[in-house]
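Below: one protein chain in two forms, given as structure tokens, structure 1 then structure 2.
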Structure 1
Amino acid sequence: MSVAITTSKLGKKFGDEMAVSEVTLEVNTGEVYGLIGPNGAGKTTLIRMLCGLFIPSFGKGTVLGFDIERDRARIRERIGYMSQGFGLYSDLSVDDNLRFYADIYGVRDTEYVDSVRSRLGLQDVSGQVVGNLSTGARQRSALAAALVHRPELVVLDEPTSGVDPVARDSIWQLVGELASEGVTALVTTHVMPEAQRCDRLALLSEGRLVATGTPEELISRSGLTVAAVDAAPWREAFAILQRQWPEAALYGTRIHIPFSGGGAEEQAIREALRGLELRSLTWQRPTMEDAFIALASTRASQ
């Protein structure tokens, strides 16, 4: 299998602030690879180095076989980059934006541009000014602009931020289709359920690489099981449990508490909730978010 992206101890400093520190990873061609982590984890800085927009402070990397420092112009010709800020001209229509980006890359195949528009469901808004569109339509338009030149690699920075569930699903479906056609996709998100739609993941926290692997590998590596508690009144139950287990979190009115191992703490939970109505206490697999928190905490303590 060929490799689309490699980095070795790649890092970036802004003044005295370390935004990305010694990130080493490898992304295979045709893979949907997720950079996962909370806001401020260094995801955007990392992809901007890979796209040739930032020069690394140290370390090295290649994208599509080109050096990310020496060959930045050649990299930009071959990738499609969709930034958080959309990257479109808000006073132009969707079609005008697509024609503009097609002209920049010397694309003359209007049928292909039309097919990109169609795949993203933009036919009904193609003549509308981008600044008047909904967030979801702007995101889909920005993705279309990133694809007009048939890039070998698409880099999508928070592509579903502020997007409704239907538009979110259509974007992820297209990412999967592109990967099946051999296009590599590098996607950043802080939404953990979306992470499970990636082939592999790199978990970032405070600029550092926490772990890499498939979603299932990372969930298994966390070593967690989760106590799911349904108790009434739920607010009082949550306050009690969170005092004893600060990592407890609410999922609706149910309370999830992640533990290393499982079952041994059941009696302690029952004792803590004595006097309240404990409707159910079950054990389940951790979510991607549970796994990320556990793996990040382990890295921070090392």
Structure 2
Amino acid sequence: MSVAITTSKLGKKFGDEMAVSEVTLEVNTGEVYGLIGPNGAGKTTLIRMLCGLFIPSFGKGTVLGFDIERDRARIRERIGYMSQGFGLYSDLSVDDNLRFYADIYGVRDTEYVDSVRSRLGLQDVSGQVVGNLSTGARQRSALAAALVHRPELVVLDEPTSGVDPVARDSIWQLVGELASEGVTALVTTHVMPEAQRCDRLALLSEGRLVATGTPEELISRSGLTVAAVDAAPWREAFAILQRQWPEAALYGTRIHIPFSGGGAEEQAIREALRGLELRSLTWQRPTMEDAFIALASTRASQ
């Protein structure tokens, strides 16, 4: 399997602050690779080093076989980067923007640009000024602009932030299709059900890699199991359980409590709820968000 991105002990310092430290990872060609982590974890800084926009302070890396320090121009020609800040001209139409980006990259194949546009469902709005579009249509236009030159790697920094569920799904579908055509995608997101659509994930916290693996592996690695409690009256049950386990959370009228380790607390829960009606107590796998919070905080407390 060929490799699209490698980094070795990559780091970036701003003044005295280490924004990214000792990140070593490998992304395979055609993989959808997710970067997740709390705000300020260093995701965008890492991405910018890979795109040749920041020069690393430590370590090294390659993107599509090119050195991220020496061959920055070559890397930029071959990747599509969709930044968090909106990159299109808001007073131009979708088509004008796409034509503009195609010209910059010297793309002559207008058929390809058309196909990108229609794959993202932008035909109906292609004549509209970008500034007037909904967030979803704007993000889809920005993604189209990042794809006009057939990049081998797309780097998408929070592509679905503020985007509605239908448009979000169409963005992820396209990312999946591109991957099956051999295009590698590096994507950041704060939305955990989206992170689960990635082949593999890297979780960053405070500039460091905390965990890498498939979404399922990360969920397992969190070591959590979740008790789902259905008890009546639910308000009292929740108050009691939250006092004892502050992580308890309400889902409808059920109460979820994440525990590290096995289901040893079952007896303690039953005892805590004595006198109330316990309708059911089941154990379930944690969500990606449960795992994220557990993994990100182990790091922070170390």
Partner chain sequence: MSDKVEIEARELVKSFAGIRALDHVDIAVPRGELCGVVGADGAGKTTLLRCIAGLYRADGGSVLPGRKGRNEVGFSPQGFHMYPDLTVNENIEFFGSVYGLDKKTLSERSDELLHFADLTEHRNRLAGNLSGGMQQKLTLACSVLHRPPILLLDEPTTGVDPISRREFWRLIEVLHTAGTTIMLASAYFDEVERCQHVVFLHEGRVLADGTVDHLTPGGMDLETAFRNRMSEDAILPGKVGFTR
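Since we're looking at a predicted model, the values are computed, not measured. Sequence positions of structure 1, starting at 1, serve as the residue numbers. Between two forms, the rigid core is defined as the largest C-alpha subset superposing within 1.5 Å.
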field: Structure number of the form predicted together with the partner chain
entry: 2
- prompt: Using the core for the fit, does the CA position of F66 change by 2 Å or more between structures 1 and 2?
  reply: no
query: Superposing on the rigid core, is the CA of Y33 displaced by 2 Å or more between structures 1 and 2?
result: no
query: Treating the chain as two rigid parts, what rotation angle in degrees relates the smaller part to the larger between structures 1 and 2?
result: 13
statement: Between-form comparison on the rigid core puts the Cα shift of L250 between structures 1 and 2, in Å, at 3.8
- prompt: Taking the rigid core as the frame of reference, how far in Å is the Cα of L276 displaced between structures 1 and 2?
  reply: 5.3
